[in-house]
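Here are two versions of the same chain, shown separately as structure tokens and labelled structure 1 and structure 2.
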Structure 1
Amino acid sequence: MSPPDARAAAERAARASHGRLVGLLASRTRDIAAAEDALAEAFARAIETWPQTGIPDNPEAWLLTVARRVDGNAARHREVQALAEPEIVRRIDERAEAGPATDPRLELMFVCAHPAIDPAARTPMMLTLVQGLTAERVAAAYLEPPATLSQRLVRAKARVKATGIAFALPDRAEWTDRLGTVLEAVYAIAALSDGDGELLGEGVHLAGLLAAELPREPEVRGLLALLLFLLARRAAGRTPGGNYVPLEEQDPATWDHAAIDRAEAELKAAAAAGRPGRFQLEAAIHSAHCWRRAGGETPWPQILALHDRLSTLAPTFGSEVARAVAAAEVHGPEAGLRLLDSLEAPPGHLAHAAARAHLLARAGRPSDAGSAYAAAILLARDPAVRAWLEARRRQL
């Protein structure tokens, strides 16, 4: 194998193993930073060694062995030294003996989204620790200077160790709430990935990992379905020239049908449990929007009914805006506008401003619609969305 191939293979293995190895190395000491340091050293050695020796049969075990040796050698990590190899080996054996072991990444995700961790750090922690993305990459998605994000991550990791957060699945009594914070943190990736398919793919990966470990949790599968629907239609949201295409104008033929099929299967499996929840309902709304695949029309009355249930169960501002749009489709633009205007819009909410402009135009109030579009245009960060809103305004 040529050095560049070995390098690429090492990097692939590093990415693929990152979350599991951080989880295993940090689970006893809770020292995530030390685990990351040791792993970084192990990855560096892999890139050095593998081109000569070839890639080991079990790259992950190789990396773990080297990492724990590095970690054990680091005098500044006294605790790690004290526990050293026997403890890690024992933990790995324990996992092996316990039969189908819990993926260490699952525990790591519960650590990242622990209620004692700053909510703003939870999603970035998952992306960097579990998915092995760099802080620079994640900072770019947050439109934030990398140093700011790194600081937040450092603080959160220090807190895991200082407060003694356990690398373990929560108790039954806390289970629903704790799982909820994990799902929220994964779902937050969707909000970040406007036009960023890579990040949405990372979210699907995280949700898939949760679903594989917790197949009996309907909301987990609902979230996976939801993210798959978003991923399936992401490419269709842009023309080849980069212009924005709203959902209703997308050609279903351009959707990723394999992803939609997978999403439908997850949603069906989730619904079979008979415990509806926010993510299942949102996924069901996306599923309804996909009816056009079979040549039918968008079933707005069903979509509105789903929105009404969502509104009772877990209203969010974004979902209430979507509900108003659905109400306009069923009962006319005035009904939608009444709902929209009854919401207390947080300042600068693009979806709210755009929906209002759209409904005013449909209600035959071009002058009001014009100023509403102007407000929405000011809020649109994405140039393609801005251009689309400007085109709509010109058509008034």
Structure 2
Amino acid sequence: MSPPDARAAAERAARASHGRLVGLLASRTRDIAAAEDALAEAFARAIETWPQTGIPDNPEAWLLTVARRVDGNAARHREVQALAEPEIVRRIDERAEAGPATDPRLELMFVCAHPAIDPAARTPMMLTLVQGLTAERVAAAYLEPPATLSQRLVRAKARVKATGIAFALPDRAEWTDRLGTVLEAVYAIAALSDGDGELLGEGVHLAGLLAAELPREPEVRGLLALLLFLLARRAAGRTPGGNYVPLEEQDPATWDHAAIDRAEAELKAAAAAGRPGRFQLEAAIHSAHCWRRAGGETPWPQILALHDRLSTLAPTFGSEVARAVAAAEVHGPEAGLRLLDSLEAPPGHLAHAAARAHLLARAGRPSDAGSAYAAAILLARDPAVRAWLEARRRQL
């Protein structure tokens, strides 16, 4: 096997196993930083070793074995050396078969959501630990300097070790205080996926684990429905050649209808509780967008009504931008522009800039629209999205 193949295999194992392995390693010592260091060393050894030995049958078990040898004191070192790989494989499989209650990723997320952790660090900490996203990528999503976020994460990890937070799912009485933060992090995984089906699928998986733990919690099932809607349309967001396709231009026949049906069932189960929340309303909006698969038009008045409820109940900047777009569809582009211009856009917010450019073009203001498209193009990190914006600008 060539070194590039070994590196690619190690990277795949990193994406698939990072959260599980950090959770398993840190559950003994509560030292998250040391667990990350040990895992990084294990990945480095994989890149060095696998070209000669081949990829092991169970890469996760191999990485866990090496990381445990790197991490810890002499007693733990001897214990790990004494464990044969089949025994480690058996333990990993037992944890997977035991169900969501023992999944180390869920345990790790609830550790990060502990009240003792700085609220500003909780979701970024989950994203870097559970999903293995870099601090640079998370910092870009939160529009803050990477160094600032990195320092916050270092302090949060030290806090976990100093306070001795248990690496286990909390008692049900404690779930309420932490659940909102965990749901936000799972949603953020999807928001950061940028068309990465594997990352979005991981968000769906984590939401499913939470739904299995809390089947009567409507916001959990609402989040699962929302992510399923996003997953169902993910492939339709790109042409075979890789060009970006916005939602309104997608062919409903290319959507994953089985995933949409599952999402509708989750949303119906959530709505039966009679306790609407942010994720249920967002899922309902996406459900309305899926009406086109039955041959109908997009029901913009209903979508705007849902956005108005969401604006009252749990507004976010992104949802307010989408509300302005819906208002433009119902009441005309000037109505949408008034809503957009009433928002205080944070620097670098692509959706706001792109929506404003689109509505200015619809309002018959090509000069203003051209300037707005130019601003949006500068913000677009995805080459396909940038090319789509440039094409829209040329069409003016």
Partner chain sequence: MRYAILIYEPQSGFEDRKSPPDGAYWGAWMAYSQQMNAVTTGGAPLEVPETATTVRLREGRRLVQDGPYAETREQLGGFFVIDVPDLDAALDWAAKCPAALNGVVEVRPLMPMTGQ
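Under this definition, the rigid core comprises the largest set of C-alpha atoms superposing within 1.5 Å between the forms. In this text the structure is predicted, and so the values were computed from the model without any measurement. Numbering runs along the sequence of structure 1, starting at 1.
Here the chain appears twice, and structure 1 is the form predicted together with the partner chain.
Treated as two rigid bodies moving between structure 1 and structure 2, the chain carries Val186 and Glu334 on a single body. Of the two rigid parts, the smaller turns 29 degrees against the larger between structure 1 and structure 2, judged by C-alpha superposition. Per-residue C-alpha deviation between structure 1 and structure 2, core superposed: Ala61, 13.1 Å. Taking the core as the reference frame, the CA atom of Ile117 shifts 3.2 angstrom between structure 1 and structure 2.
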